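Next up: a single chain in structure tokens, the form predicted on its own.
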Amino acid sequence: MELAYKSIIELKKLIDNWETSSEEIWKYFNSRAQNLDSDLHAFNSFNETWFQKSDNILSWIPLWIKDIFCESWIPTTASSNMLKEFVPPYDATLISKLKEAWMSSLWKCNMDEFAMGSSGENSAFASTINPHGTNRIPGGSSSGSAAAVAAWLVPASLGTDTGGSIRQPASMCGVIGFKPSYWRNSRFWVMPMASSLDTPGTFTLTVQDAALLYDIMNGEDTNESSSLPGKDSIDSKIWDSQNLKWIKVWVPKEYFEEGLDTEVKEQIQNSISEMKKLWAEIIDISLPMTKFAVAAYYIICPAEVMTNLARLDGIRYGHNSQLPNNGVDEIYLHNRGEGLGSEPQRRSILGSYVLSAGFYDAYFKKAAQIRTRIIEDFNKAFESVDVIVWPVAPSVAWKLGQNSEDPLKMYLEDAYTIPASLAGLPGISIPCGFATSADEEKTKLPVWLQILAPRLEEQKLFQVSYVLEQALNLREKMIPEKYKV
């Protein structure tokens, strides 16, 4: 197979066997990205530094980085005009860990501005395109990270997942999207959106690659209060698993009812049937509180967005308008009006409203209580089962512009990913087939299954998803025709 189709583990094996070099790999992916990104708009900036060969874990195999992870002396903009000139003098903790494993960071990936969006259309610079269709959204907010891996421009990339921003674009584009438990990966110097929800993770071609990067990235960070002590090291024995015997799989009925596209539902159910063939025990249970998850999330998230974006006023940080003003109110109005797009503005206003003195108890406090009930629902469920499965999204990737004028409809697209985010659960999106879009074009687009595990049970998640991945064997079928070598 061409280098484009190789996973990180496969590329490392080629280097170790002297069949290629880290320099050849770097030049190959650099050239491929330079030649093909004009149709995708997956990248915001490029790091031209290449490092010499090393025998360490990543051997300078290139990774693409969502433009929200600070990297020393590399522009980091969060795809916002507010930070378009920002060049941090420091690395995020996760970037430092990857550099210690001899990662080569190439491109900074496009994204929805400050990670706010579900479609990749909210970037201040350009809308990323789904590699599977010239007029399809790639999902968001980690749009460029997902599209770059899906187009086989890079073997892996980093993203963040706040309400589904890794799992959902992974599903739309047809790659493996992994979100660890909230406390596993450090958020230090990853630009915050909603601090109690933001979770850094990865896009890869295989489950094993996701586990490899997780093994490097996870662990305690004393700079961050939410970081857990110790490190979760992957046991290589999980890759010996051949079946799902003794695994109890829960299929919540709430996620297979009204709102789920018929063909998407069929593909998900086929994957569940495959799990049954692999000797998994399928159990139907209910998650009654998760129906309130979207409402709770879109109170908690904007409240935290408002708090985190408050510092970006153009005085302390961010874009400073050159328009004349008549006082501090106009300074703020010009700076933030020019620097922030419509979605960050919308969420900041909503966050200010739900945190205001007259509405805090009615909205934010109540949403926090619902979040606790959702966590209790999951805890009770995991007393009886090992993993939970349901769709990642109710439909395949929709057309560019189709939902952009209807924020409520856009928010509802996150209904299947938000519950796990509120509960801090680890989750992964893996391929299960294709479904036809419901519009007049009738385009065949990827469908992916979401697997969730209990808090801090990443190894169980990897084991189950790996066995199913091997059984379905859809990796090469997910190559977009346009990007085949």
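Note that residue numbering begins at 1 and tracks the sequence as displayed. Just so you know, these numbers come straight off a predicted model, no measurement behind them.
If you look for the form predicted together with a small molecule, you will not find it shown, but the lines that follow are about it.
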Heavy atom within 4.5 Å of the small molecule in the predicted bound form: which of G117, G339, P200, G174?
-> G117
Option touching the small molecule, based on a heavy atom within 4.5 Å in the predicted bound form, out of P155, G163, P131, P344 | G163
Just to confirm, E121 within 4.5 Å of the small molecule in the predicted bound form by heavy atoms?
-> no
Verify the contact flag for C301: yes if a non-hydrogen atom of it lies within 4.5 Å of a non-hydrogen atom of the small molecule in the predicted bound form, no if not.
-> yes
With the partner left out of view, is Y297 within 4.5 angstroms of the small molecule in the predicted bound form by any non-hydrogen atom?
-> yes
Does at least one non-hydrogen atom of S143 fall within 4.5 angstroms of the small molecule in the predicted bound form?
-> no
Partner-facing stretch of 109 to 117, 354 to 362, 384 to 392, 254 to 262, counted where any non-hydrogen atom is within 4.5 angstroms of the small molecule in the predicted bound form | 109 to 117
